[in-house]
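Before any questions on how it binds or moves, here is one chain, the form predicted alone, in structure tokens.
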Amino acid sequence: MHSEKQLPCWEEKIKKELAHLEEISQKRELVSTGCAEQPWLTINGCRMLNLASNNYLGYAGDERLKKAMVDAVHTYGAGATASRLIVGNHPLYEQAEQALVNWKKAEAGLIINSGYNANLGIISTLLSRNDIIYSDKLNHASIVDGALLSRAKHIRYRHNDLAHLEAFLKKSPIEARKLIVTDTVFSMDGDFAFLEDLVRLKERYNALLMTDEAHGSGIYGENGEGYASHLHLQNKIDIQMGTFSKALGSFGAYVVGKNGSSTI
């Protein structure tokens, strides 16, 4: 007769892991916050100056935007009712995407429901098992997840170290599809990608270049088009994505690029 193995108690294991995270100050909890769309917010009854927000331009509390959103709900309803490929592509999407393309001075564009889903969808659509992704080590985690989902070879080069990046590019097969991807404004350190040099490298080694303008959109460029536009490089970059949930004070993300580009 075989003795029964004692099965692990998953609840106890999870509790121990949570306790360990708390010990090392890595357990995070949600805090109820009021008036977060305003410069001054309320946390636990205390009025505090909001210096942690991504609402850089204050648009989340802008009366014109709030009215436009309410009017849109009255006109179009509260939801799309299904995915865009089924019955959900009502004219408002097309109008918004045309405005996006005009704003970014691009040939084509799509609106996506979040920055995380945008990076996952773009990277996993463009790259597959036999391709190579070169990603700055300080890129946002959504870019890393998109690279993993694509199943392409994922190479992370040292932050803004373009000699390190070029050393990897030199070793890559000529025929391989190669994507260099970088934040334009890095979310944690606040520094900038060396876009001029990245453009030169992508042209030299026949790679695609994708930029994440999540923290550049609305801030840089003549009309807030982003950091690439600020440097007049928007036509040199194959894929630009960004979010509406930072400086633009709303929700969602976008991707723009060339229409039917032969390089993609």
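In this text, residue numbers run from 1 along the sequence as written. Keep in mind that this is a model prediction, so the values were computed, not measured.
If you look for the form predicted in complex with a small molecule, you will not find it shown, but the lines that follow are about it.
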{"item": "Of S124, S172, S142, N160, the one that lies within 4.5 Å of the small molecule in the model of the complex (heavy atoms)", "value": "S142"}
{"item": "Option from 85-93, 127-135, 147-155, 112-120 whose residues, in the model of the complex, bring a heavy atom within 4.5 Å of the small molecule", "value": "112-120"}
{"item": "H215 within 4.5 Å of the small molecule in the model of the complex, heavy atoms", "value": "yes"}
{"item": "All of K178, D238 and Q240 with a heavy atom within 4.5 Å of the small molecule in the model of the complex", "value": "no"}
